[in-house]
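As a starting point, one isolated chain is supplied in structure tokens, in the form predicted on its own.
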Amino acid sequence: MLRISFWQKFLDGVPEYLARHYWWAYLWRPAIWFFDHQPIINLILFGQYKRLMTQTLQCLENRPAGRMLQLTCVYGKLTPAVLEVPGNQPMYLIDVVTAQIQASCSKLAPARRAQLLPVRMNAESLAFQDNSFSTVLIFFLMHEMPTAARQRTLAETVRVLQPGGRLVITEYDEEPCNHWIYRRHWLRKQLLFWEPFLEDFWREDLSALLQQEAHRQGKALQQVERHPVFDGFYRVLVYEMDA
């Protein structure tokens, strides 16, 4: 008799790694309700959510005119706050999970709902034309992907970002060997248990990968800002595509 693991019940059009490792956080509806509370989000990010969101929003100010893309939904107040950043430009929000899109849309004031264009889509294979967006935002997505999926997503990000465009990535920093969280073995092990792809992400040179991919596509991408958060445990990076 064929036995089906619990996580396989969530495979409805989502990547296997997402269902296998993160069903409990992003796919199960009771979990979506539970984790989308500000105290829980702040606890997961060691009390740094407000600082991370504030820095991210600052990096989006005075962004280039044109369409904006947010790669995947996020818990918390970020998406509504992004729509409040001056500019009044349309923002596309993609996610591979319908329930996540519904949760994000439910947070918006009626006046902002028409400004958001939500689409169910896999970040590894975007159904947008080349150079479609002037701004792309990625908030804590990269570390939750295995290496191959992360590289495909970075390639798609470079492809859809137009010349003169801006890319903002909020993420864990490179391997924080001197940080007090990392140096506490039991705490680091707990973090890596819940984030099984984080260790590989820590050891990648994100900027080098992006620049190599841009070069492969005949583009040039430059890192123009780097903002450490929480003594370098997290970071907000800003890139610009050469015009």
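Keep in mind it's a predicted model, so treat the numbers as computed, not measured. Start at 1 with the first residue shown and count on from there.
The protein also exists as the form predicted in complex with a small molecule; that form is not presented, and the subsequent description refers to it.
Only one of 156-164, 138-146, 79-87, 109-117 places residue heavy atoms within 4.5 angstroms of the small molecule in the predicted complex, namely 138-146.
In the predicted complex, the small molecule sits beyond 4.5 Å of every heavy atom of W24.
Contact between L18 and the small molecule in the predicted complex is found at the 4.5 Å heavy atom cutoff. A residue is said to contact a partner when one of its heavy atoms sits within 4.5 Å of a partner heavy atom; M91 fails this definition for the small molecule in the predicted complex, lying far away.
Residue contact with the small molecule in the predicted complex: E124 places a heavy atom within 4.5 Å of it. Taken together, the three residues I41, Y75 and V97 all come within 4.5 Å of the small molecule in the predicted complex, as judged by their closest heavy atom.
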